[in-house]
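Next up: a single chain in structure tokens, the form predicted on its own.
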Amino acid sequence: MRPGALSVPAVEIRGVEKRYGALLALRDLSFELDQASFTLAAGPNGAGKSTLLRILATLTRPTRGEVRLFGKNAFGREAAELRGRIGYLGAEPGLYGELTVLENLLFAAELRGVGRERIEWLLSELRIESVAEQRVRTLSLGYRKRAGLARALLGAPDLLLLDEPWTGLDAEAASGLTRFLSRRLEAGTTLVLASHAPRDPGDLFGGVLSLDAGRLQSLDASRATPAERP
């Protein structure tokens, strides 16, 4: 654990299973991730990475098992409070295509009670000021990804979940994203990133969580550890 990190894990997963009809997307997953850590969820397409991130974002409830975020039940009475501490970017940014980037961010900021200063800072940090007044549907995938990331970061989340964030980015934008994530890590954000082919990660990842067919294959980490069963 990094100096100054709290003793309560950011993520605790115990015996988690997720079933969609006959399809078992996640199978008996158990692990812990410390706060202020950066973990890569790796594996081929269909391994269960996206399902895992959606569960951590409290968007999908597991079929069985326990999920705790910062020591609290992710699907219990404190779920609404926890959602305010989570930023999530799916494989598709999920923005309103007919609205401009700025309009999307202003709408999301109003829901979160975030001021305009935060939006302007994110536009600058993610280098999307030049497309702020353009409709999202007219943008390249790379710009849509960065706009989606800006929305995910509006509330200054303690836990940031990113699904294939490098997809659609050119080399310069990919390097810029890596530097930005490094600064978020230094600021104490816990990051979990799902990718089957990460680009330009440098030495950011403190742990690699490998999935295949919904099972945890390995957990190679200094700050991500298998959870002990009670």
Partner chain sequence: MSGARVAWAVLRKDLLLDLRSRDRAGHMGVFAFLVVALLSITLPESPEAAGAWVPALLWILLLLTSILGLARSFAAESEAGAVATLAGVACDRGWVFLGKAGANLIALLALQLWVAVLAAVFLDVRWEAAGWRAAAVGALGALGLASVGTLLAALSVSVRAREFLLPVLLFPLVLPVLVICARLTAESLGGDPTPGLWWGVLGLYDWVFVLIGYFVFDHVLED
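Residue numbers count along the first chain shown, from 1. What you are looking at is a predicted structure, and each value in this text was computed from that prediction instead of being measured.
Omitted from view is the form predicted together with its partner chain, to which the following refers.
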Determine whether any heavy atom of Arg83 comes within 4.5 Å of a heavy atom of its partner chain in the predicted complex, and answer yes or no. yes
With heavy atoms only and a cut-off of 4.5 Å, decide whether Gly94 touches its partner chain in the predicted complex. yes
So, Thr100 and its partner chain: in the predicted complex, are they within 4.5 Å at any heavy atom pair? yes
Taking any heavy atom pair closer than or equal to 4.5 Å as contact, tell me whether Leu141 reaches its partner chain in the predicted complex. no
The one option of Ser195, Ser30, Thr178, Thr58 with any heavy atom within 4.5 Å of its partner chain in the predicted complex is Thr58
With its partner chain left out of view, which of Lys72, Arg135, Arg127, Arg118 would have a heavy atom within 4.5 Å of it in the predicted complex? Arg135
